[in-house]
Ligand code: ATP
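Take a look at this single chain, the form predicted alone, given in structure tokens.
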Amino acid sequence: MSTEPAIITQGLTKSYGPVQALRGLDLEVGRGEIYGFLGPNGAGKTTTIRCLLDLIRPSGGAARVLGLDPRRDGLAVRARTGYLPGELRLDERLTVEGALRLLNGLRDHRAPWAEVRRLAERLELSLGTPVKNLSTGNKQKVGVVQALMHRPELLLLDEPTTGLDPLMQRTVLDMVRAARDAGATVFFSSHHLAEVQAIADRVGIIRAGRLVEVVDTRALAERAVHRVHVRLQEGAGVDLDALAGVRGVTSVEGEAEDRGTGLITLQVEGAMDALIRALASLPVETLETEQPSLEEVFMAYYETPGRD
């Protein structure tokens, strides 16, 4: 196996008229890893993937995919890649089987039909259903099957779990892990922090067309802000100033100015063990935590004073 990275971009730029979608993007994705590409909608994730496949041409910079230049060898790159677009378009006159046979034919029938059936069964996808009758989630399953069915060297997945219920999301992520374990490299975009943390080895965070950080997934939780809702038993109170002094707590809101009663909302950076110890002596009725949004991760880390 080649030791050259599966994906390299250097100074990649892409403009749509006056809009700069990519602004000097530098990426390096190693062979055999799952690389999460994390960013809010409009950050440049889809544009990056389309440039890697030569579906659109960059305005500047360079890219190499599986050792090839996508501009010169786009057909070879796409032949060795499984691609799931963010919005998959299918011929609604066909059945699921018909659509997959058509797509397989475009790949010279490289996918064994037994593998197609296995993937469809895993996703509880009926091959006989007309495409026009499919829900959004089932159309997404067709996209997952067509990306995986020929066992590609590289998977480029644009928001792979969109439209799927939580159980099916887990199944798709398990299938992606299995593809990596079989030797594939996986590059997938997402704006869901939990999804990236669950599966990626490393995470590249993109904002406004620039790669602002590459981190190990375990480090993401330490940079996140969690929102904690604590409901106290009726009549109970607590000193909000004392809670505000707990390690990691950045803000506290209660139902009274000087004495929290009923519902208290706290924001916590990083681990919550100190807050849990502080709450242990209080008459807590319920406690809920919210998974941080991507925007909150950015706010917690990239607006640190003195840091760009």
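Values in this document were obtained by computation on a predicted structure and should not be read as measured data. The first residue of the shown sequence is 1; numbering continues from there.
In what follows, reference is made to the form predicted in complex with the named molecule, a form of this protein that is not presented.
- For residue 27, no non-hydrogen atom is located within 4.5 Å of the named molecule in the model of the complex, even though that partner is not displayed.
- The named molecule is not shown here, and in the model of the complex it never comes within 4.5 Å of any heavy atom of residue 195.
- When contacts are judged by a 4.5 Å heavy atom cut-off, residue 122 does not count as touching the named molecule in the model of the complex.
- Contact annotation for residue 21: at least one heavy atom lies within 4.5 Å of the named molecule in the model of the complex.
- Exactly one listed residue, out of 191, 80, 117, 110, brings a non-hydrogen atom to within 4.5 Å of the named molecule in the model of the complex: 191.
- Only one of the listed residues (270, 67, 262, 40) places a non-hydrogen atom within 4.5 angstroms of the named molecule in the model of the complex, and that residue is 40.
- The chain is drawn here without the named molecule; in the model of the complex, the stretch among 238-246, 44-52, 271-279, 59-67 whose residues come within 4.5 Å of it by any heavy atom is 44-52.
- In the model of the complex, the named molecule lies within 4.5 angstroms of a heavy atom of only one residue of 138-164, namely 159.
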